[in-house]
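In the form predicted on its own, a lone chain appears below as structure tokens.
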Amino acid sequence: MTVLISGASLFLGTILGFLLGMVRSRKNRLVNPLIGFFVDVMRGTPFIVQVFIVFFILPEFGVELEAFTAAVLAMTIMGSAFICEIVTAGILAVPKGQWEASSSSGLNILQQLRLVIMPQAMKTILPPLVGQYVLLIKDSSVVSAIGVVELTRVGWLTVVRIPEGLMVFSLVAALYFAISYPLIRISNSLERKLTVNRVSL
């Protein structure tokens, strides 16, 4: 369940975060303040409050979600805000001359992003993006508060029956580490390779 929730929210949050980041990087006077406000709210409020709003408050407006769906939705929204900032920073790190050169070549804005800007921006985006994935996986423990039977929830249910809290939650921590460790290694590897590439340039 932890892997399912994390995988679904990472996939959806990445798509939404990249879309928001690409839009925000264009500095549109109408859209940017709205995206900025959304990002600030998501980053400035506790994730557990966001989960409670999705699961307990939305039904008051006629939107009733199962615990799993609410968990994925809350994690997707929260993750997209952080990923949006990472993507925006990566795009803005690309020299302005690259935009001008691609524009003078007759490429439209989508072609500029896809063919010229994003390949360069990904060098800046990838390491913090993978690191953010690790944080999101750990944040999945919060959704146990709405009854999702994921890893942390199973730990609590086990402790109720077997009063060996240290052993049980040490195992829970080890399992979270086992899920996150490959991403940590990927993040470290990407950071080293990209640093070497920048130095060689």
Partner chain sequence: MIRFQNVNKWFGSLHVLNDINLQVSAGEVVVVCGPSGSGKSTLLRCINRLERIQKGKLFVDGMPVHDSTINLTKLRAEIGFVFQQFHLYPHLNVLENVTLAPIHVRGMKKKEAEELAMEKLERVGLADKATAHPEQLSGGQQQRVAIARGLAMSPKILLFDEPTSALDPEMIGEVLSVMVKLAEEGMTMCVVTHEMGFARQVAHRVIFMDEGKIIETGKPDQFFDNPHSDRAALFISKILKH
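Residue numbers count along the first chain shown, from 1. Computed from a predicted structure; not experimentally measured.
A second form of this protein, the form predicted together with the partner chain, is not displayed here; the remarks below concern that form.
Taking the shortest heavy atom distance, is residue 116 within 4.5 Å of the partner chain in the predicted complex? Residue 116 belongs to the contact set for the partner chain.
Would residue 93 count as touching the partner chain in the predicted complex under a 4.5 Å heavy atom rule? Heavy-atom contact with the partner chain at 4.5 Å: absent for residue 93.
Give a yes or no for residue 101: in the predicted complex, does one of its heavy atoms lie within 4.5 Å of a heavy atom belonging to the partner chain? Flag for residue 101 set to yes.
Please check if residue 107 has a heavy atom lying within 4.5 Å of any heavy atom of the partner chain in the predicted complex. Residue 107: contacts the partner chain in the predicted complex.
Complete contact of 152, 163 and 170 with the partner chain in the predicted complex (any heavy atom, 4.5 Å): Judged in the predicted complex, none of 152, 163 and 170 sits within 4.5 Å of the partner chain.
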